[in-house]
Each structure stands twice: as C-alpha cells, then as structure tokens.
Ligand code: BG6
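Okay, here we've got a single chain as structure tokens, the form predicted alone, with questions on binding and movement later.
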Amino acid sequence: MHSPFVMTIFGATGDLMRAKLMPALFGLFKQGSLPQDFFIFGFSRREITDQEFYELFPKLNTDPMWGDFIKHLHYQQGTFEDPAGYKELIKKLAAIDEKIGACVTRLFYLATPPDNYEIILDNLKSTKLAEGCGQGSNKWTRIVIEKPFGKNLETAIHLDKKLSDIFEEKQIFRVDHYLGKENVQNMLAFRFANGIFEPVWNNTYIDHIQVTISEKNGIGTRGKFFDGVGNLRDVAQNHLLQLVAAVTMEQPKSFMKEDVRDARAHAIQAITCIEPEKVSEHVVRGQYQSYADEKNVDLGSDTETFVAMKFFMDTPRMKNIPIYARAGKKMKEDVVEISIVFTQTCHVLFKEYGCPEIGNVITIRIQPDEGIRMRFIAKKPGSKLSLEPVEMKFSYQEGFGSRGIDAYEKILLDILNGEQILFNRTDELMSSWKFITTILHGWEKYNPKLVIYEDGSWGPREADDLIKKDGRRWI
C-alpha cells in the first residue's frame, strides 16, 4: 500500500496488541511494506504518555529500527464509554488530513474484548468518526473486528445489524487470523492444482477427517475474557470451522474475492447441526486440571478449555464422512493440523501378510513446521513380505527456504489494501454460529458432565472414546 493511512487501535494496551498487532505492524515496517506516511494511534483507558506506550513493547524496542517506527506511533487516552477521548481523536485525525492535504484512509481496529464492541461502534457513529473526513466515508473508512463475533447466533445477528447500520459490507473486516496462515491458503492450491487428489477427495475414498487445534499454554492472562466464554466460542466457532471449510469446500469459480468466500460459506452452511438431545453423545467438553487456579477465573467455573466433537456435512462430496474435531488448551503439544484418512483397501493379495490398521493419510500441518505429510504403505526390507506405513514429507521451510509471511502481517496488508478474501462474510458467520448455538442449547438443557483432564495431556479420555467407539483413533 502506497497511500497514507491512519489506524486507530482500540484496546492498545491489551494482550492482542502486544502479542500480535504491534509485532506485525513493526514487521511490515521493517520489510518496507508500509507507506512513507502512516499514523498509528493506540486508544486505551490507561493514563500514559507516548513514551510509556512505546515501552509496553520490550521485545521490539531494542531493535535498531524501533526508533524510526515510533515516529509514526501515538497514544490517545480515553475510555470506550466517554465521547471525550473520541473527540480528541477527531482533532488529531483532522490535523493529519490537513497536513497531507487529502482525506486519509481511516482504519478502526477493535482489539478489545467483545463486550466493548457495541459502545465503541456507538461512539464512532455518534461522533461521526465513522464517516471519515466526510467525503465518501465508504471509500476512506474501514472497521476491523476480532473474533469471537458475538456469543451465540442471537448476539451475532444483533452485532452484525449494528455494523451494517454504520458501515457497508465492503468496509467491514471480520478477522480470523487462521485464514491468513500460509498452509490454510495453500490448501486450495494443494487440492485444485494437483490432478491426483481431486478425484479421490470424496466419500467414495475418504473414511473420515480429523482436525486438531492443540495449545500447550493455558489461558495465561486472558482469564477475565476467557472465563464464561470457553473454547467452543473462542476457538471452535471460528478457527476450527474455518479449517473444516478449507478442506471440504468445492472448487471456487475463480480466485476473485466473492467466489472464494461463496465456496467457503457454502461449506460451513452444509455442516449438519447436532440436535440438542444428541449433544452429549457427539460432543465432549473438558477443563484442564489447574484451570481453577488461573488468574481472574471464578471459583467453581464450569467454562470448558477443551472441546471434541463428531459431525457430518450434507454435500454430495462429503456426505456420510464423519469429521472428528478437537480443540484444547494446556495440552501435550502446540499443533494445528488436518488429517484426511482414506478408506483402508488393503488388497486381498496382502491379507495373509497383515495390513496396517490405517492406510493412506494426508496430513496438512498448519503450525508449527508448516507442511504436508502423506502416509502410504510400503514393503519392509527383508526376505519376507511385510507391510508398514511410511511417510513422504514437504515443509515450507525446506521447500521454499521460508515459512511465509506471518498470518497477522498478511491480514494487516489485506486490510490496508481493502482486500476481503481472507475475512469472514456475514453468511459464513451466521452459519457457524447456528451450528455452535445448537451445541450451546444442548449444554444448557441437558447439562452434560464437564470432564477434567490432566495438564499436558491430549485431553480427556472421553475424547478418545468419542472416536474409538467408531473403530477409529486420533492420528
């Protein structure tokens, strides 16, 4: 992007700003990907100076280029409820427009807990900040919102209506940073640019699909936000279902923005909701052992830190293929991957020699060590005929000498360029919330047991039982 911009980040002293947004913005600056004239305003309630704001990022401020970067960085104190801070911001943004001599693109990034979204949107509207400098706001203003987008289907619809009352769809960027990860984007190329895979990517050849999002860390300093939200809303509604969509969607008509989003939306719409009375049978909710000791967690909280589920999709391609998905915190490894397990068709010729339990598997590793593994069956060396599974591996680091651009750097670049292909559209969100809300209703009505699992494990035993009762196991 070569045009000047002003980005105001609400919640600028929070975890997201420190861990993701500021490192990504600084990374883009170091790469020369930002224009000569850009301005970043951190907006938060803390009464600190610009210098004290810079010092909130100790991992960055020792870099030789930090001194040049902070010339573009400013702090605006204000509470989300009080119009005074917004009015101060209006003066500063107007001064920038006057200095540049044009309407500078205004980006408002809501990096706050979702409970703050409505009051910030109300103030952006009432103070007319949302209208930019008044010369065609839909061209010069964009709004960026982080997940989770609502708490259930009802609140998501309410929030979406408020957004659409203030902004046009082309101005709204709903962030799920998993869509910016290199290997998620690569899935389209892997599936549709390689003629050997598409013919078998269907229910004739696929036995089942597994999705795993495993985090070694617990909730850390996020207790105030996470407690009462849980992993079903925080991870499954967005990250997990987006991964499912990427691996099950039909080929887009083109790589134009709406064609790709159409294909993604149709995949999520096709996920069959689990009826409330069946939730206990198909969904496991767990909590890691030390969760009650975490900061800002209510005594006796029943918030889930782990969820595993089995569900299906109603499309000609994927019909009757079970999808097993799990997402948890304080688990054994940091890993995000999708495994496509093909039907074991060990030929009758080899029956007497023993066929491996699992045959062909394609595993797409999203993080860490982004890459793809393919498992196939080979003869073990020796005089006797013996079969064993082996793997072929591709990694981005080895194949291209790079793991690609950071997900948040990619997301921010697309926001700056007005490119929405990697951002959720309303129909995607509503379909995912419909699926998740049905599970929430099942939990509320039937109150299934919250199972405790050991810190550093692969989750509760009940999650293993969920897949084992079908004669399968987690990869």
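Each residue number is its position in the shown sequence, starting from 1. Please read these numbers as outputs of a predicted model, since none were measured by experiment.
Unshown form predicted in complex with the ligand; subsequent notes refer to it.
Although the partner is absent here, Glu294 is not a contact residue: none of its heavy atoms lies within 4.5 angstroms of the ligand in the predicted bound form. Mapping the unseen interface onto this chain, Arg365 falls outside it, with no heavy atom inside 4.5 Å of the ligand in the predicted bound form.
Using a 4.5 angstroms limit between non-hydrogen atoms, Lys329 touches the ligand in the predicted bound form. Proximity of Lys181 to the ligand in the predicted bound form: non-hydrogen atoms within 4.5 Å are present. Exactly one listed residue, out of Lys151, Lys147, Arg261, Arg191, brings a non-hydrogen atom to within 4.5 Å of the ligand in the predicted bound form: Lys147. Of the candidates Arg174, Arg375, Lys310, His239, His239 is the one whose heavy atoms come within 4.5 Å of the ligand in the predicted bound form; the others do not. None of 388-396, 121-129, 296-304, 228-236 except one has non-hydrogen atoms within 4.5 angstroms of the ligand in the predicted bound form; the exception is 228-236. Contacts of stretch 11-28 with the ligand in the predicted bound form, defined by any heavy atom lying within 4.5 Å, are made by Lys20 alone.
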